[in-house]
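First, one chain by itself in structure tokens, the form predicted alone.
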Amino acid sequence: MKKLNLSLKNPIVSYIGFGGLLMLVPALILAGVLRNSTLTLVASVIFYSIAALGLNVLLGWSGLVSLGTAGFMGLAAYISAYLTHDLKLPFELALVAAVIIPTLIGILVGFISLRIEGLYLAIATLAVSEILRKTFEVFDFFTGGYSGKPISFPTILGFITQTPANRTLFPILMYTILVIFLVAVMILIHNLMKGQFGRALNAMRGSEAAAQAMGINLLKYRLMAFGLATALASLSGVLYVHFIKYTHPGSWTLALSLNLVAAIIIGGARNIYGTILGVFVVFAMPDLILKQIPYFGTIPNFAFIVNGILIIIVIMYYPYGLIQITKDFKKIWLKLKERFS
């Protein structure tokens, strides 16, 4: 009988352990060590990481460029908000519908990718995203228009709901759900990319002609890649709207899609932890560090300047992302250990 590998070197175990570390945040908040705002900040890193992991399937493993992530996130957020808040449908049903509908649109975009690629594919996906964003602004009955759409926390499993008694604990429950989804997505991406699906995507990224010569069906795997990326973006949008309890057309702009691309480049393409690191740098670092810097912290869009500088530095010195710094630290540690041992 095969023994279970419970070592931290086992990626699955490390992902679960990473989820356990994330669960320390609400524990430290309840203990008074961290502020309540920290929960929202870390939660934003989680749901943006889910979207970025999906985008990394396209940009990193497949070599396909997409700037439509924000549009699909927004569409899923509005669908879920409308179904739960306006139609009073169960959260679980809204989650499924809000993931399936944008995913079908994403698969249609996958058909487009067979005809065009590179910059033209990026423009095509951007056009889809902008069409969706304008739809959010126009269809007031569905989205609330420019006023946005506020909602309440959903009822989970039909009986877990927010009450005055658990008003403080319910955000922690939603945060726990976010962590569970992130760990599940990390395991899913790891297994897919280590299997036939990942090998096919890597072959396509290297040379489509060679991939076809090896018998890889470009249509099949491109559609699967776009479908998976869109499904994860949609899941991210659903988790966003039910944690933040508000969605607005201005939240789903080109800037968000570009930030997700920047996160992948900065953190490390084709690397799960690198993607999460990049999301932390792009979405959390401005609040944690940049805004605390005198004068510079008050400059509008200062974070975009820093992101641009980071991308240049990463491309020049760490082409595989900042996650590679951990290997450098490990080499330095081993050298110091050998020197003083």
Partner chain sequence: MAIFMQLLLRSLETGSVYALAALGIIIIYRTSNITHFAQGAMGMFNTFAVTFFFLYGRMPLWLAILMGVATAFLMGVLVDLVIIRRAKRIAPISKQIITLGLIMVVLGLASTVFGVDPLPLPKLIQGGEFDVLGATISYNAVFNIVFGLALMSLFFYILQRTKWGLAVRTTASNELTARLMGVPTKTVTMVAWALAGVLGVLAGVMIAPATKVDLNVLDAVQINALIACVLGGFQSFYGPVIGAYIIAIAKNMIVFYGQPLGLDVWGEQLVLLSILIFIIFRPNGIIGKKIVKKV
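The model shown is predicted, which means the values in this text are computed figures rather than measured ones. Positions refer to the first chain, counted from 1. Just so we're on the same page, rigid core means the largest C-alpha set that superposes within 1.5 Å between forms.
One more form of this protein, predicted in complex with its partner chain, exists but is not displayed; see below.
Enquirer: Sort through 45, 29, 59, 277 and report the residue having a heavy atom within 4.5 Å of its partner chain in the predicted complex.
Expert: Of the candidates 45, 29, 59, 277, 59 is the one lying within 4.5 Å of its partner chain in the predicted complex.
Enquirer: Taking 4.5 Å between heavy atoms as the contact cutoff, choose which of 156, 112, 177, 169 touches its partner chain in the predicted complex.
Expert: Only one listed residue qualifies here, and that residue is 112.
Enquirer: Is the gap between residue 105 and its partner chain in the predicted complex 4.5 Å or less for some heavy atom pair?
Expert: Flag for residue 105 set to no.
Enquirer: With a cut-off of 4.5 Å between heavy atoms, is residue 99 one of the residues that contacts its partner chain in the predicted complex?
Expert: So residue 99 does not count as contacting its partner chain.
Enquirer: State yes or no: in the predicted complex, is some non-hydrogen atom of residue 131 no more than 4.5 angstroms from a non-hydrogen atom of its partner chain?
Expert: Residue-level check for residue 131: yes, a contact with its partner chain.
Enquirer: Would residue 273 count as a contact of its partner chain in the predicted complex, using a 4.5 angstroms cut-off between non-hydrogen atoms?
Expert: So residue 273 does not count as contacting its partner chain.
Enquirer: In the predicted complex, does each of 65, 265 and 304 have a heavy atom within 4.5 Å of its partner chain?
Expert: Spot residues vs its partner chain: full contact, yes.
Enquirer: Looking at 169 to 177, 138 to 146, 85 to 93, 233 to 241, which one sits within 4.5 Å of its partner chain in the predicted complex if you count heavy atoms only?
Expert: So the stretch in question is 138 to 146.
Enquirer: Can you tell me which bits of 88 to 126 touch its partner chain in the predicted complex, meaning any heavy atom within 4.5 Å?
Expert: The stretch touches the partner through 112, 115, 116, 117, 119, 120, 123, 124, 126.
Enquirer: Is there a C-alpha shift of 2 Å or more at residue 329 between this form and the one not shown once the rigid core is superposed?
Expert: Residue 329 C-alpha, core-superposed: shift of less than 2 Å.
Enquirer: Is residue 313 among the residues whose Cα moves by 2 Å or more between this form and the one not shown after superposition of the rigid core?
Expert: The answer is yes, as the C-alpha of residue 313 shifts between this form and the one not shown by 2 Å or more after core alignment.
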